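Presented below, as structure tokens, is a lone chain in the form predicted on its own.
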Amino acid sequence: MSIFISDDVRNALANGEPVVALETAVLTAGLPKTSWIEEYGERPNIIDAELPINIALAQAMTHTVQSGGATPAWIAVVDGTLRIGLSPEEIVELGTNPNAGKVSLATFAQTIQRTGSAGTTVAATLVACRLASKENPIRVFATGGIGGIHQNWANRLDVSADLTALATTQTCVVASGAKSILDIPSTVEALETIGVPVLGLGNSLFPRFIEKNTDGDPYVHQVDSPDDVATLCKHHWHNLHLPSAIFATLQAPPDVALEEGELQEALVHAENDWAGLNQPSPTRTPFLLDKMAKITGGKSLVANLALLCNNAGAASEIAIALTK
């Protein structure tokens, strides 16, 4: 398999410097590829009005990681090559490629074989973290929310490959819980079953992605600093020799998080619209996210963008703590 590792990422790993992996499915399938429109409401300052939203977000996250003192490693499959550490030009090329979808564990090899291009999901990005270096793999990865157990799973089994990768990869994944369209309690139970410690950085409740928490949400182990996360990672991987990831969660910024239940009506409406299209399963998440953004007047999109940057900043701090 062809793997390309950028000089910046290779040198940082070789020197034991902090690196933060960043997934690109959010750029190819999770965010609008157009500039800001009126249906999305007021544009946040982190988004350049002249750029497509997905590219502007990539720039903002890159700046956040670098400002925090770590090296960003955007990961994607480009023309059949797994690339670990994309240049700004490569990010633009990938994010504006109409044929670039997303790749996960089951579609990784076939995408490479047909020399395709695709953004990496959480699962595929975790594979790349491990492949980046045998001696010094990427130990920290920032994203928005992981995949997990979908709603109505008893009737239609839909479980994300992210859980499989989390069970088998020694990387600290920093996110705001799991995506809002999922069955959150079942996802938390599944994380416990597969041996993934779930931490709340400054919080004791499992985040609801872009919504504020409620008292009935699942409890998680609260930690108070990036140093605490790093210490727990070292116990889990080095002292106990456990193979799974650490899942460090952060609440969405409170000034943009949606109120409890605010998303549910939009989600039901979006789900009904998607079901009527009879489209394949991979189209579901991007369709729902776009539809909900329009229904909520952009509030769900603004919250998503804010938490992505917030998580990238926290990931930088954890990466630095792990190098101490």
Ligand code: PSU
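Only a predicted model underlies this, so the values are computations on that prediction, with no experimental measurement involved. Start at 1 and count along the sequence shown; that's the residue number.
Unshown form predicted in complex with the named molecule; subsequent notes refer to it.
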{"query": "190, 200 and 247 each touching the named molecule in the predicted complex (heavy atom, 4.5 Å)", "finding": "no"}
{"query": "Stretch in contact in the predicted complex with the named molecule, which is absent here, among 71 to 79, 116 to 124, 212 to 220, 227 to 235 (heavy atoms within 4.5 Å)", "finding": "116 to 124"}
{"query": "Residue contact check: residue 161 to the named molecule in the predicted complex, 4.5 Å heavy atom", "finding": "yes"}
{"query": "Contact of residue 52 with the named molecule in the predicted complex (heavy atom, 4.5 Å)", "finding": "no"}
{"query": "The named molecule contact at residue 179 in the predicted complex, heavy atom, 4.5 Å", "finding": "yes"}
{"query": "In the predicted complex, residue 145 touching the named molecule (heavy atom, 4.5 Å)", "finding": "yes"}
{"query": "One residue of 22, 25, 12, 303 in contact with the named molecule, assessed in the predicted complex (non-hydrogen atom, 4.5 angstroms)", "finding": "25"}
{"query": "Contacting member of 56, 289, 266, 258, with respect to the named molecule in the predicted complex [4.5 Å, heavy atom]", "finding": "289"}
{"query": "Those residues of 86 to 102 which, in the predicted complex, come within 4.5 Å of the named molecule by heavy atom", "finding": "102"}
